[in-house]
Structure formats: structure tokens, C-alpha cells
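Okay, here we've got a single chain as C-alpha cells, the form predicted on its own, with questions on binding and movement later.
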Amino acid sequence: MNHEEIKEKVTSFLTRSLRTKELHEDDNILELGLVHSLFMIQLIMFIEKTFHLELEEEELDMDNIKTVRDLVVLIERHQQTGAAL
């Protein structure tokens, strides 16, 4: 899956789940007050299931998952290393 496809899937999930019409690639979903701890678990599960990967605990630092851009980079890093389920 290429960069744009990953970005589209992540953005689509976030806008649908957060019921927001627009979310820019660098919008900090934590600072916008759009998420809570339960949603973060749902987000992680979405990423692991959709992109067939397993995130390690150290990767779940909020700095790694606060924007669409961060999430795409995290997913692409897994794809490059072949760290899939």
C-alpha cells in the first residue's frame, strides 16, 4: 500500500470515528480534544487489523500517534521492516 492509500484509510477512519468533517495531516488529534483513552485503543486496533501489523508498546508513545502524518510514518516504517503479523 502506498503513502496516499495509507493516509486516506487513516484519515477516513479518524473523520468517521471522530465525527469531524475535516482533519488535516498535521492536526494534533490529542490537542484538539477529539480523543480519549478508549478511542486510542480503537485506533491501535484499527491500525493493526487494517495494515496487518503488530505495534510494540514503545511505539505507542503519544508523540508517535498524535497526527495523521505520525500514524502514516509509523505504518510505513512497519511495512519497510516487514514487521507484520
Partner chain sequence: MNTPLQTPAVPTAEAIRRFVDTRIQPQAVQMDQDQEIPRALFTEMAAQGLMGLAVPAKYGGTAADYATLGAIHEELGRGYASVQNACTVFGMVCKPLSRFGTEAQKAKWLPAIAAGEVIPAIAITEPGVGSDIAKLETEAVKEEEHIILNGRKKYITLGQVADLFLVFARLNGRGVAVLVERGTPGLRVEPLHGLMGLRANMLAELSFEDCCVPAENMVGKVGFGFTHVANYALDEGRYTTACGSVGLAQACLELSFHYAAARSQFGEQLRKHQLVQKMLSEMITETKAARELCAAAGRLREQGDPAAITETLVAKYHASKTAVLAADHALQIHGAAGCLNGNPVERCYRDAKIMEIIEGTSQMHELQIARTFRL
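Between two forms, the rigid core is the largest collection of C-alphas that superpose within 1.5 Å. Residue numbers count along the first chain shown, from 1. Being a predicted model, the structure only gives us computed values, none of them experimental.
There is another form of the same protein, the form predicted in complex with its partner chain; it is not shown, and what comes next is about it.
Trainee: Consider Met40 of the chain shown here, and say whether it contacts its partner chain in the model of the complex, taking contact as heavy atoms within 4.5 Å.
Mentor: Looking in the model of the complex, residue contacts with its partner chain include Met40, since a heavy atom lies within 4.5 Å.
Trainee: Quick one: is Glu48 in contact with its partner chain in the model of the complex, heavy atoms, 4.5 Å cut-off?
Mentor: Within the cut-off, so yes.
Trainee: Consider Ile44 of the chain shown here, and say whether it contacts its partner chain in the model of the complex, taking contact as heavy atoms within 4.5 Å.
Mentor: Judged by the heavy-atom cut-off of 4.5 Å, Ile44 is in contact with its partner chain in the model of the complex.
Trainee: Do Asp61 and its partner chain share at least one heavy atom pair within 4.5 Å in the model of the complex?
Mentor: Flag for Asp61 set to yes.
Trainee: Sequence order please: the residues of 1-16 with a heavy atom within 4.5 Å of its partner chain in the model of the complex.
Mentor: Residues within 4.5 Å: Phe13, Arg16.
Trainee: Once everything's superposed on the core, is Asn64 shifted 2 Å or more at the Cα between the shown form and the other one?
Mentor: The answer is yes, as the C-alpha of Asn64 shifts between the shown form and the other one by 2 Å or more after core alignment.
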